[in-house]
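A single chain comes next, written as structure tokens; it is the form predicted on its own.
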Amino acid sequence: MKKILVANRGEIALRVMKTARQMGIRTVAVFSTVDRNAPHVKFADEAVCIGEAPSNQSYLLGDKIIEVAKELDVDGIHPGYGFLSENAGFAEKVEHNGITWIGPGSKAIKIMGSKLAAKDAVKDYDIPMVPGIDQAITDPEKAKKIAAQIGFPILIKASAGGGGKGMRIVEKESELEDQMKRAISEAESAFGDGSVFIEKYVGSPRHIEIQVLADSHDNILHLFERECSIQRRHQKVVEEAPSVILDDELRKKMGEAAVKVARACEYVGAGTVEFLLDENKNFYFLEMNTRLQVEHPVTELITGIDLVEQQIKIARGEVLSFSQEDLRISGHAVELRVYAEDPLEDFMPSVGLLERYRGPSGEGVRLDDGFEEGMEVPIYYDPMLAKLITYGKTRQEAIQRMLKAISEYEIKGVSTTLPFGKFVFEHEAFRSGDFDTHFVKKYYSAEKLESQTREEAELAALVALKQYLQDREQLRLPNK
């Protein structure tokens, strides 16, 4: 494999290209008109504009991307995450055009792209699942009967869903019909598929995911877990590895379950199996993401394994060069997704010019970003500016490095989630490890963040004043 096209943009495109370059592989960037001067375009060996700013006129044009790949004699296409990364039809077309798809086969993407199909695929592998119904449902009366059997509260979920869309928590029967209609409508709008199903709502869950790697020689192994319970609007904001709540026995059981899930769909490549963990440490299969995850760096830091390198090697047909027994957890890593969002305004997107942009650096600090000072943050795409990751020998050290890195990160021109990240990493519930997916609902509010910021500003002003008075006293000349 001598040349790879990265069918993505921003930080993930840049991150894939850096590993490719280290492997001696040339890279091709594709970009929209609004991304013409983006870092991933400058970094690539070749770059081609594929359309206008809206993603359906650029980054989602699979045929156009394949056309560019063929014109430039590309050997492989890496989709990153988002956009076309879990589009089975695109993966098939790539392969039919004689180009290597750096990801799982289209069969695995299809199966795991539907939560219902995924449940059906793993049911013979003795994988624990949340009580519920494993078929699509549209009849509210039938839904009421199922809900009565499994008990309220229940969760209505879109089969083709993700990111919290098409998902509704229903506390009592009187709310079910209305919430079901809303979930179906939202699922149709977001995914073009209104299929929903019902399962028991787990009250105080933790979101634990297991990274897996599988080669084409029937070797499947796991690279331990990531804790992804700090979420807003059902989307992850803070992740870490390993999880503070798993012991060696539970880690082994969940890892083995994840490997079984991968085997159930004949998985090849890097993937992630997601589980819910209840307050009694029972775990339940949620879904499988058939791509590289946003939070993959925390796994890389605790294992020393470059997941993009492994994706490329697996796509080339190579055998995994290590076994499960070779893998060890070393240290601790935490990650903050730095979004251009205003945490004081319900995390609304914040677009505009990056008047100042200076990232932190230093020991144990990794910054995966795709922006530079002077760039516009466009409204057309996901508002993530960067991923800030810190590593330490202990969890405490990783957290302290994160807080220092947040304080050194300079961004002006747009609001960001940096203050929210500081709030999380300083909060006793997070530091103690006693939290679940309701952390934001339980502990966070714009008023609390505003109050904390104001108190810190007042304290900083007092410290500065005291220092000024001390300096003036020392510099004052003695009376003649």
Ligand code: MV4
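Small disclaimer: the values here were computed from a predicted structure and weren't measured. All residue numbers refer to positions in the sequence shown, first residue = 1.
Just so you know, the form predicted in complex with the ligand exists too; it's not on screen, but the next bit is about it.
Residues with any non-hydrogen atom within 4.5 angstroms of the ligand in the predicted complex fall in just one of 382-390, 199-207, 81-89, 262-270: 199-207. Remark: all three candidate residues (Val130, Met167 and Glu287) come within 4.5 Å of the ligand in the predicted complex, counting heavy atoms only. The contact residue chosen from Ala187, Val365, Leu246, Leu155 relative to the ligand in the predicted complex is Leu155, the criterion being a non-hydrogen atom within 4.5 angstroms.
Residue Leu276 is the only one of Leu176, Ile312, Ile399, Leu276 with a heavy atom lying within 4.5 Å of the ligand in the predicted complex.
Although the partner is absent here, Thr437 sits close enough that one of its heavy atoms falls within 4.5 Å of the ligand in the predicted complex. Mapping the unseen interface onto this chain, His234 counts among the residues with a heavy atom inside 4.5 Å of the ligand in the predicted complex.
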